[in-house]
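Only one chain comes next, encoded as structure tokens, the form predicted alone.
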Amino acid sequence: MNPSLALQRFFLKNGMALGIFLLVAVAFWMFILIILPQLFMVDFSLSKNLPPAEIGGPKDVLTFEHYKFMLYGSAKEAGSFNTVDLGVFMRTLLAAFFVTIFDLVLCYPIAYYLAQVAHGGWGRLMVLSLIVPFWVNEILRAFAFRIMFGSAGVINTFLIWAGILDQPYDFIPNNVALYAGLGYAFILLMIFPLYNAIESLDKNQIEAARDMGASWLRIHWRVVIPFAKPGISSGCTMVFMLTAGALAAPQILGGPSSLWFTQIIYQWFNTGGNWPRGSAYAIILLVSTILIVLLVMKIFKVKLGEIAK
């Protein structure tokens, strides 16, 4: 479509004043709040960690040393990799992947029930019961999970009372609380994209498949899931990106051996006092997650426009 013609239609539809306001608001959001901060981050990541007095001087030159540190650390031997940071990085991405799958498996039947089965007051009550807990701050919810999964928490108390355990099980060091907390933290971002996609599915298609003798498993596999693919892609993208970039939940619910990559970034920015290295690590995490999402979209043949619906 001709851009000038599209712009004319946009102003005819919204009016001159509202159209200008919308364009300015979108431009402000895209450039000031998204593009510009990332450009500053890239600039920081390519700078040396210099004292303030030397910034802008002859020593302030572009360098890739912080990206190299991510691979090799401070090792002097050639080919000696930074196993600590690389291990945490890979573990973070892998954990984000499993949390995404966990949320998808958990939320798909809930979204289907809300979209195709629940009606009237019961459906509204279910939606409200999903939303209300998220009025509580994320940090408070993380501490609530730590209390629940603690040695003297509700879960251990119930398991001992039921005779399933003889002594309390420490969920914190074994990362059970962490993965449960992360899965719960972003559950709405999985449910509602699925709900929006499944709700628009014509029930006659399901009834036709059932009349032809298809089992429920085959109906979901051949009818519902292909139709809900944009919602699945959107929910998985948001959950994966936010889980990989989470900080509060890993800080509160993580055990001694569950260091998250964002915690390393936080340490470089704060206790380490090395903003360029923290910026480089943040850029690596951002680019890696985007590339993984684009690769998965290509494998499952999902277009970017479908996710944005």
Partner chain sequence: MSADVELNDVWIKFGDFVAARDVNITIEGGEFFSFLGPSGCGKTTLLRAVSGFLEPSQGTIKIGGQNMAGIGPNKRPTALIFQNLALFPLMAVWENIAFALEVRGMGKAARRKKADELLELIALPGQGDKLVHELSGGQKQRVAIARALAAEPEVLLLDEPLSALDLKLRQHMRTELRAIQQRVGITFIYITHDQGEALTMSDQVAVMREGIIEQVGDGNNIYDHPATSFVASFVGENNLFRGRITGIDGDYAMVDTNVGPLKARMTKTNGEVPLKFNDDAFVFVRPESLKFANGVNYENTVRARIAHQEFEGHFWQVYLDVAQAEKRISMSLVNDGQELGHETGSEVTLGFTPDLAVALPEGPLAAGE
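Positions refer to the first chain, counted from 1. Everything quoted here is computed from the prediction, not taken from an experiment.
Beyond what is shown, the protein has a form predicted in complex with its partner chain; the following relates to that form.
Which one of these stretches, 86-94, 155-163, 197-205, 123-131, sits within 4.5 Å of its partner chain in the predicted bound form when only heavy atoms are counted?
Comparing against its partner chain in the predicted bound form, the contact stretch is 197-205.
Exactly one residue in 180, 188, 238, 223 has a non-hydrogen atom within 4.5 Å of its partner chain in the predicted bound form; which is it?
Only one listed residue qualifies here, and that residue is 223.
Single option in 143, 227, 81, 98 placed near its partner chain in the predicted bound form, where near means a heavy atom within 4.5 Å
Going through each option in turn, the one that passes is 227.
Contact label in the predicted bound form: residue 214 to its partner chain, heavy atom within 4.5 Å
Taking the distances in the predicted bound form, the answer for residue 214 is yes, it comes within 4.5 Å of its partner chain.
Residue 232: heavy atom within 4.5 Å of its partner chain in the predicted bound form?
Result no; residue 232 lies far from its partner chain in the predicted bound form.
Given that its partner chain is not shown alongside this chain, does residue 209 nevertheless sit within 4.5 Å of it in the predicted bound form, heavy atom to heavy atom?
Answer yes; at least one heavy atom of residue 209 falls within 4.5 Å of its partner chain in the predicted bound form.
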